[in-house]
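Consider the single chain below, provided in structure tokens and representing the form predicted alone.
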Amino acid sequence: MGLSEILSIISGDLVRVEEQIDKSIQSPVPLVYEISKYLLAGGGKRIRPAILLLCSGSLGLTDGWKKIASAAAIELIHTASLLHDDVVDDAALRRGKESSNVVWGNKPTVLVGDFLLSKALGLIQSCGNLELIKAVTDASAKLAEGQVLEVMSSASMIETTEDVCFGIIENKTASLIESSARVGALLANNDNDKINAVGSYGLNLGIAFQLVDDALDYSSTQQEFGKQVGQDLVEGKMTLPLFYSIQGATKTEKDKVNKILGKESFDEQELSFIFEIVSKYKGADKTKDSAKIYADKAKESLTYLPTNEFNKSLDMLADFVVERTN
């Protein structure tokens, strides 16, 4: 089942979220709106606001402006992180087109990212709930910590451990998805058990989502993926498809891989060798298998929530996350 079908139950709310996002990024400085709109209109899946809306609906809140504002804020935070990430990584593509830092340069891109963060926090503050503010700011701090951890680990790829890989995933990606779910539950004024259940759903789904992303970076095509494949490797990032493949390689292969990863840059032949190792030892497949485990954990959390159509959509979304090709 496609994503639009899974999210059909909240399609009207998602339209309202888009309207709120566009309203929030208006600025008397034309370039601010231009850069913001460029990325926001680039075809993102809106997974995070969708999770917020579905979790809120599953716990009984099916109307109201606060959930729209909060969902828009979550997407603005995510978009700001992408802008900052592209500058840090010197990325060339984002969602199938040139990244903002390539089009406008690093300085405007970073500053617009800051603008989006400010607008997001303003939206959350307008909801008048300190618990919402804490959930979002905690996630934003973890996201930044995950980015720093990734930068630190790229200084020495061969020393990156599995724990570090998962630490980056949990902080950089899963924390905001977990926050999306928790905010949805908080808006519905539910008890701690249900808030923790949706939080667990969001955390595990977020880990699964990033694991699939990491796998696709080694197994997809640029056209399908919407960004350069092999980009993690080029940027010096150790991710689990490569980590798992190195564990299964022969000593000779490991020595060659470590020699390549110890260099500041790689030529086409070296990149091809790394891809051959990942393919030979099925690193991408093993990573997708791990993603399935986390998606199943997310689905288990749904058993603690009321049985309804929103819950069903959350269950289907978990399946979609691990089966997607972009």
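The model shown is predicted, which means the values in this text are computed figures rather than measured ones. For every residue, the number given is its place in the sequence shown, counted from 1.
Although it is not shown, the form predicted together with farnesyl diphosphate is what the next lines describe.
Q: Farnesyl diphosphate isn't shown here, but in the model of the complex which of 246, 127, 149, 117 has a heavy atom within 4.5 Å of it?
A: Only one listed residue qualifies here, and that residue is 117.
Q: What is the one choice in 173, 160, 204, 101 with a heavy atom within 4.5 Å of farnesyl diphosphate in the model of the complex?
A: Only one option qualifies, and that one is 173.
Q: Taking 77, 84 and 213 as the candidate spot, are all three within 4.5 angstroms of farnesyl diphosphate in the model of the complex by heavy atoms?
A: Yes, the whole trio is in contact, each within 4.5 Å by some heavy atom.
Q: In the model of the complex, which of the stretches 189-197, 127-135, 246-254, 85-93 has residues with heavy atoms within 4.5 Å of farnesyl diphosphate?
A: Careful reading of the contacts points to 85-93.
Q: Indicate whether residue 143 is a 4.5 Å heavy atom neighbour of farnesyl diphosphate in the model of the complex.
A: Residue-level check for residue 143: yes, a contact with farnesyl diphosphate.
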